[in-house]
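One chain follows as C-alpha cells, the form predicted on its own.
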C-alpha cells in the first residue's frame, strides 16, 4: 500500500462477520431471520434494558474508566478480588490486549484449526507466527499443542467450548495440559459460551485463578447469554499481576457507560439467564432430532449453536437459504467447506430453518 506499511499487516484478510438482517432484507426484499452470529434470540436482559434507559440521561458524561461497579459485582459473583478482572470492548478487546502486551515480531501463537478466526488475525497484526494444530474428532488436541511448543511460543488460545464446533476439552485433559505448560507461556481459555455448558466434566478453571496461577487468563462475555452483543462488553479473569499488567496497555474509557451499567444489571438477572439457557437447551435438542431425521451429521454442542455437515459445498446452500430469508453461517473460512453453523433461535425460527433447509437441499 505505502512504503511505511507492514508486510504482515498488508497481507491480513479482514474478518467477515455474518450478514446483518437489514442488509439481506434490503438486497433481497424478504423478511429475514438471522441464525448466524450466536446472538441471544430473546434480546437483552430486561434488567439491563431498564438500567440503560435510566443511564441514557448521563450519556454526556465519560464512563467510569476503571469499571468499578461492574468489577465489584463480578468479584462478588466469583469470589475473587476486583483487581483480578479486566473489562474490555467485548472479550475480543482482551484478546487484542494480550497481543499488544505480550507478542513481539517472531513470537509464536498456538491454537487449533477450525477455531475462532480472531486468534490468527491478532497474531498477524503483531508479526507473530501462528500455528493451528489439527483437531481430533472436532476437538482441541491439547497433546498436539504441547508437541508444537518451542522457545518462541508466547501465547496459546483455547476456545472452550469451541467456536464453531461447540466441542470442549475435559477437566482431566486440562489438568494434565496445564501441568506441562511452562510458566513463561501464557494460556488463554476463551470461555465465551460457558453459560450454555451442561457437561459434567467441563473444567472449572476459576479454581486455577484462585490458586494464583500466573500464566492463565479466562475470557468471558455479555454478548451471548445476556443478550448485550450490540454493546460490546466482555472481561478477562486472571491473577492480580496479569490483570494489572494488561491495564497498562488498555485504552482509557474503553468501555462505554451504557455497556457498563447494562452488564452490571444483567449480572443480577438470574431469571433471564435461566430462560435463555432453557431455550438454548430445548432448541439444540430440536435441531438434533431434525438433523438425525434428515440423515445429516452434526456435532453435539455445549454452546448456543450447532455445526452440521451438509455433505456438499455449503456456500450454495447458504445462498439458497438467503433467498428464502434465512441467514446462517457457512464454514469455509474455518476449513469446513461442507459445514454450516446454526445459532439456536426461537422455536418458530428453527422450524422455519429446517423447512427452508430441506427445500434448499432438494434444489
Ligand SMILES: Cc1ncc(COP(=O)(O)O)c(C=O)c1O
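Numbering follows the first chain given and starts at 1. Note that the structure is predicted; figures quoted are calculated from it, not measured.
Form predicted in complex with the named molecule: not shown, discussed below.
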**OP:** Indicate whether the candidate residues 288, 321 and 358 are all in contact with the named molecule in the predicted bound form, with contact defined as any heavy atom within 4.5 Å.
**Re:** no
Original post:
Here the chain is shown alone; which of 168, 226, 85, 193 has a heavy atom within 4.5 Å of the named molecule in the predicted bound form?
Top reply: 193
**OP:** Could you tell me which one of 260, 114, 92, 276 places a heavy atom within 4.5 Å of the named molecule in the predicted bound form?
**Re:** 92
Original post:
Where does the named molecule sit in the predicted bound form: which of 215-223, 75-83, 171-179, 249-257, heavy atoms within 4.5 Å?
Top reply: 215-223
**OP:** Find out whether any non-hydrogen atom of residue 272 is located within 4.5 angstroms of the named molecule in the predicted bound form, and reply yes or no.
**Re:** no
**OP:** Would you check, heavy atoms only and a 4.5 Å threshold, whether residue 108 touches the named molecule in the predicted bound form?
**Re:** no
Original post:
Though only this chain appears here, would residue 232 touch the named molecule in the predicted bound form if you measure heavy atom gaps against 4.5 Å?
Top reply: yes
**OP:** May I ask you to state whether residue 163 is within 4.5 Å of the named molecule in the predicted bound form, using heavy atom distances?
**Re:** yes
